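Next up: just one chain, as structure tokens, the form predicted on its own.
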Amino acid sequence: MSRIVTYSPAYTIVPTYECFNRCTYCNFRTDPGKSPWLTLSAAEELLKPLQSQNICEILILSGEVHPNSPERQAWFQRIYDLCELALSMGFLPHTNAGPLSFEEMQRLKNVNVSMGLMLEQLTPKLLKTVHRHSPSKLPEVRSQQLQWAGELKIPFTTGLLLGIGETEDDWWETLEAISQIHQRYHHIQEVILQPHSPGSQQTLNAPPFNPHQLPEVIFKARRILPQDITIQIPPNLVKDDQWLLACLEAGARDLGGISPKDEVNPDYPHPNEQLLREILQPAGWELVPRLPVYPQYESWLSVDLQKLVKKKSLQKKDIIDELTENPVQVSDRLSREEIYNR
């Protein structure tokens, strides 16, 4: 069994925090008109220092502008322009901006190596509770995104939010739905299992998801999901080292984008790569960087995007070569080929 755990060296930029949804567990949003949009010049200033670092992925994470809003077209264009900017500066964009139209997804495919949208939970009963004032959280709207991504051949990330009022049966039904869509299109790279972690901005009065349940959920998810879907967990929301290791033993194999700030959970800073290695290595796990697009999906990208991915792959190879020269950091039982192809 592979003892490799991957992560994406990432940085998040936010076009706007304003969102027309009002999910009661949200620690991200502001009201429409209350948050200035990120300008291209400001984004460029954020990205410039990253060019000399090992940052690969630029996660473009946005609040949602209503589909019928007169601002929608400008909002979408800002996201598109930010993706183009990131590409021009040598980064690989991954966009998560809520539900999009088929045409919007089709356009963004040209400037993203992958995209994502959390299903959270597909049970409609949450529309009466935490999603009461969240029109875009309709289960059919979000599951439609997964299907459209498959039709458009967009490498995709989705996931579940655990502990917002759903039942265990809801978990398995949502995972089964993801599995069925993937078996038709074979496009889902990762499924995130994200435990609800209360933050200072939310209005929902609910406890955090029970940490002792997460390995059990991962274990069962691994049996529901096809083997070519990687299970991802956010390490900043897994505060206990032994809990994190138990999640890996249960079947999680990716830690997502590791960046200075988790914009969705700002009260929970990300651990850095060195700290994670200090946790993982004594238990026999090796932490290895990856790109935001998995190798099996690179042929789905445009020629220009493929060229940039190839360049980033060579840079990643150099980083891993440096690690494999240090026997303290990477054990000799792992072949370089195994790491490169992860």
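This structure is a prediction, so every number in the text was calculated from the model and none was measured. Numbering starts at 1 and runs along the sequence shown.
The next section is about a form of this same protein that is not shown, the form predicted together with a small molecule.
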Original post:
Heavy atoms within 4.5 Å of the small molecule in the model of the complex: which stretch among 168-176, 238-246, 260-268, 82-90?
Top reply: 260-268
Original post:
the small molecule in the model of the complex: within 4.5 Å of a heavy atom of each of Asn54, Val288 and Gln315?
Top reply: no
Original post:
Could you tell me if Met118 has a non-hydrogen atom within 4.5 Å of the small molecule in the model of the complex?
Top reply: yes
Original post:
Are any of the heavy atoms in Gly256 no more than 4.5 Å from a heavy atom of the small molecule in the model of the complex?
Top reply: yes
Original post:
Can you check whether Ser143 is within 4.5 Å of the small molecule in the model of the complex, heavy atom basis?
Top reply: no
**OP:** Check whether Asn96 has any heavy atom within 4.5 Å of a heavy atom of the small molecule in the model of the complex, and answer yes or no.
**Re:** yes
Original post:
Which one of Leu47, Leu276, Val309, Leu59 is close to the small molecule in the model of the complex, taking close to mean a heavy atom within 4.5 Å?
Top reply: Leu59
